[in-house]
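Two forms of a single protein chain come next, each set out by itself as structure tokens; they are called structure 1 and structure 2.
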Structure 1
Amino acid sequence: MKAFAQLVEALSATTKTNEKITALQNYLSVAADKDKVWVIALFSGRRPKRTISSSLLKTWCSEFCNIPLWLLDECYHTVGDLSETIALLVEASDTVIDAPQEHPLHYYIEQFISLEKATEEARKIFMLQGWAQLESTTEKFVFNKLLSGSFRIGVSQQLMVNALAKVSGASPSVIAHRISGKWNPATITFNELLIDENNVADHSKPYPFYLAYPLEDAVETLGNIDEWQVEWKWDGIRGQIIKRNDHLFVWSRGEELMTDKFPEYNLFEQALPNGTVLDGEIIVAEGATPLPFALMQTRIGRKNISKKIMDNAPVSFFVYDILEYDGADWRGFPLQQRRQQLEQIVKQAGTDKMQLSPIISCLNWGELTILRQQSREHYAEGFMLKRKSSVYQTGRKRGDWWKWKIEALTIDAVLIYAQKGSGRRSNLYTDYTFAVRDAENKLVPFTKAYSGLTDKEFAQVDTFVKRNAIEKFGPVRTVKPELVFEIAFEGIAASNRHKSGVALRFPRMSRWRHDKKAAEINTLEDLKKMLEVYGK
């Protein structure tokens, strides 16, 4: 555990990518194979199933440290991370510490997994032993973290891929492909995962997605429009459809296997040839006609997709790209060539559940700029601009692909509740709830927003909240309704789960309206009008 704790320390001790890669490289070159596999798993969000609840952890920690539970909660609200809170409290307590024990990382993980069938008493003994035997705060922190959450220490998938590529000598795109998809860190060996030639055999494996940056400069700076392929930027769930060895797999961008969530796509298993991988958007649509995104929310969380749900919120797959054809990796071919192949595949598939994302042709950027204003009517968020000669890259890259989104909708609202954030926003009130006025001049909460302000602005709001809060304990503070913000969002839908009757898509603070008083904010009526115009 010491080596892993040192890795976590080294990773958090620098903000520079190269130094992080070096730290990972150093660890990977000395760690045991089993530990390496677990590190890859943990840093790519594949932690073992949770076997102890956070409320049990809190109770045991409060006993262990002899502090009341409410005080532990206060600490937790300030730190923003339970694993770290417990590690700090345990480290600070005067409990007699056992002789330090050293076990490798995989020992602790295997123990945690085996606790699934253990009694509560046995789990407690294991936890308390860990707290008493691990030496440093960081060791205790990672020990708790193995149970309770993801390691947010600034290690992106890309960064890990680069470190693994350096250690193994393989190219980053190969590594990214190998560690993607479904594999069990408890059973797979390091060799099988990264080196073994036979093991790309897992035929469900998706390719890493190529993502675009928003276009910030004027669109004219992209040069000749003839060099670009323009498509609508569809508002759905980015997905990858794989047909290999007679099986169909549907992956989300978050590397979640979603085949069961979209039974509509089952017919692709017949319609697509083996060795095909398609990149596209999962969209609520009647064939080629998109429906409001809000309908997706009615089915996305469900375990069982009934016929009624499928009738109510049917999905199509709008295809953007082809990544594999006839079992060969096509990502290195230019987009233009891939598109030709794609058109053929979609045509052969011959089902209205699979739609080509149409190419929009305009004579010049000016025409395109005018057309962009109609995005919302097409249920799109703007345009995707892709260089016709571009290869399919890995991760978010500048240069060849850009997203050119429409201006967001906005509304002015007043801040009424605040909560402390976590991670780098620990001990700062950064998570806010906003309200508009109803007909009786009462404040109605309608959205939360967490982003869009600068660090300095967040610090100013934090000071305001700390000075003007009504409650003293617990996570949420009611604040004097005084600070007005412009809230930007991408879409609006009716919702019976919210008091206001509306739900916003991607709300964030676009501006602090120092010039406006709480009396001048927008009304619920204004929101309802927006719902009428854009929410259908």
Structure 2
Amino acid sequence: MKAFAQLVEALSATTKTNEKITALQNYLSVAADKDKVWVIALFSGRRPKRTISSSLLKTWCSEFCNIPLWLLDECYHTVGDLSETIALLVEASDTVIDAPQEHPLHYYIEQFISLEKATEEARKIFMLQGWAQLESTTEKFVFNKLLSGSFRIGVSQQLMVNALAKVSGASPSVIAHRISGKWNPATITFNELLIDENNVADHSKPYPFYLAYPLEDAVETLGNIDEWQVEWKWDGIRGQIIKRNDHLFVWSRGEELMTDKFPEYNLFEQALPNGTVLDGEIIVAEGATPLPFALMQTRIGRKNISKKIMDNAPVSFFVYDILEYDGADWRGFPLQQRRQQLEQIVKQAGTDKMQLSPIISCLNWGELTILRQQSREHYAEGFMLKRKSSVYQTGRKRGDWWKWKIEALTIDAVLIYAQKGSGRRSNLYTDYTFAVRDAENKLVPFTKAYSGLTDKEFAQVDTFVKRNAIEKFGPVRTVKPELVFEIAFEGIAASNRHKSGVALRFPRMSRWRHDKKAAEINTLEDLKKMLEVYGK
């Protein structure tokens, strides 16, 4: 655990990619194989389930440190992160503790798993032993994070892939494929996971997705338009459809197995040949006609998809690419060749639940620029621009695939509530609620946002919140309605769950409006007009 805590500390101390890769490489070079597997799992979203609730953690920490719960809550509101608060309190406690004992990372995680169905008393004993035996504040912090199911760290899967490639000598694309899909870190060995000859067969395993960069320069800088394949950038859920060994699998870009979430796709099991992997977008649609994304939200999070839900929010799969055909990896073939094979596959499938994402034809970039303004009418976010000669790469790469999105919608609003963030921002107020004015000039909250500002701006807002807090509701502070921000968002929909009657898609702060006063912000009526024009 000590070595893992030092790794977490090293990764948290830098934002530089090469330094993070070096830290991971150094750890993987010396760690036990079991620990390596769990680190891969933790950094790719396969963390253990929560073993102990926050309320129990608070109660036991209060007893361990001999402090009242109200004081612990005050410390929590100041620090902003419960795991860090408990680690600091335990470290500063006068409680007599055992001599530090060193156990590997996998020991603690295996104990966590075994305690899932244990009695509350057994879990408490293990918790107190961990606090007593772990040596540093960082070890206790990581221990708390793992036990509470809230372990997250700023390491992308691509960083992990690059570090593993350096350690193992395999190519990043091969590594990325091996650590994706459905595998159990409690049962698989490091060699089974990474060494090709011993790799445990998993017929459901998806390929790593190829992601596009936002186009920031003028589109004309891409050269001749004839060298590019242009498609709509659909507003849905990126996914892969896999047919292997007579079984169908549906994966999201976040590596969530979603086969049961989309029963409409069951017919693909008969329509697709074995050894086929398709990349595309899961879209609520009637045949080839996309419908508002808001309908998809009625399905997300549902455990059971009823016939009524399927009737009200039917889904189709808009196919972009073919990654595997007849069991062979096709990612190395040029896009033009993959597209030809894809067209045949979709035609043979013969179902309106699978649509070929259409290619947009224009004589020049000027025509395409005009057409791009019609994106929202097609329930799209703009265009995808793909070089026709491009291979299908892993992760986000510059040069061959670009997303050319339409300009975001914006509205000016005033900050009314603030809450502390998490992770490296746990000491700063960085999570904000914004309001517009109604017809009676009252402030109506309508959205939250926590991204878009620089570190310097976040620090300035934090200072304002601390000096101008009016009321306190647990971790939330009501502040003087003075700071005005431009809120950017991708879409707007009607919502019965919000007092304002609207819900925004991907809201963020696009700029701090130092030039505006609170009296000049937009109104609820402005939002409703946007809903009429752009509502989905």
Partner chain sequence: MIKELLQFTEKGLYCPAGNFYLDPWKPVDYAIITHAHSDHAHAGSKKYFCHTLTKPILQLRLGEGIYQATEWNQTHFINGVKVSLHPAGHIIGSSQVRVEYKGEVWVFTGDYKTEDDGISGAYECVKCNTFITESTFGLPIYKWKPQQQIYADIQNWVLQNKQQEKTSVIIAYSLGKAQRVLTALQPITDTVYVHGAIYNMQQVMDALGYKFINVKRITPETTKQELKNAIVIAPPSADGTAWMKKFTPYRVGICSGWMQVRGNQRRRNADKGFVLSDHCDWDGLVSSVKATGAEKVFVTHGFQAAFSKYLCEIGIEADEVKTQYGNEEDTAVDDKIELL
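By convention here, residues take numbers in order along the sequence of structure 1, the first being 1. Fair warning: this is a prediction, and the values are worked out from it, not measured in the lab. Take the two forms, superpose them, and find the largest set of C-alpha atoms that agree within 1.5 Å; that set is the rigid core.
Peer 1: Which of the two shown corresponds to the form predicted on its own?
Peer 2: Pick structure 2; the other is not the form predicted on its own.
Peer 1: Once the two forms are fit on the core, has Phe506 moved its CA by at least 2 Å between structure 1 and structure 2?
Peer 2: Not so; Phe506 is displaced by less than 2 Å.
Peer 1: Please state whether Glu471 has a C-alpha shift of 2 Å or more between structure 1 and structure 2, with the rigid core used for the fit.
Peer 2: Yes, the C-alpha moves 2 Å or more.
Peer 1: Is Leu11 among the residues whose Cα moves by 2 Å or more between structure 1 and structure 2 after superposition of the rigid core?
Peer 2: Moves: yes, 2 Å or greater.
Peer 1: Once the rigid core is matched, what's the CA displacement of Val30 between structure 1 and structure 2 in angstrom?
Peer 2: After core superposition, the C-alpha of Val30 moves 3.0 Å between structure 1 and structure 2.
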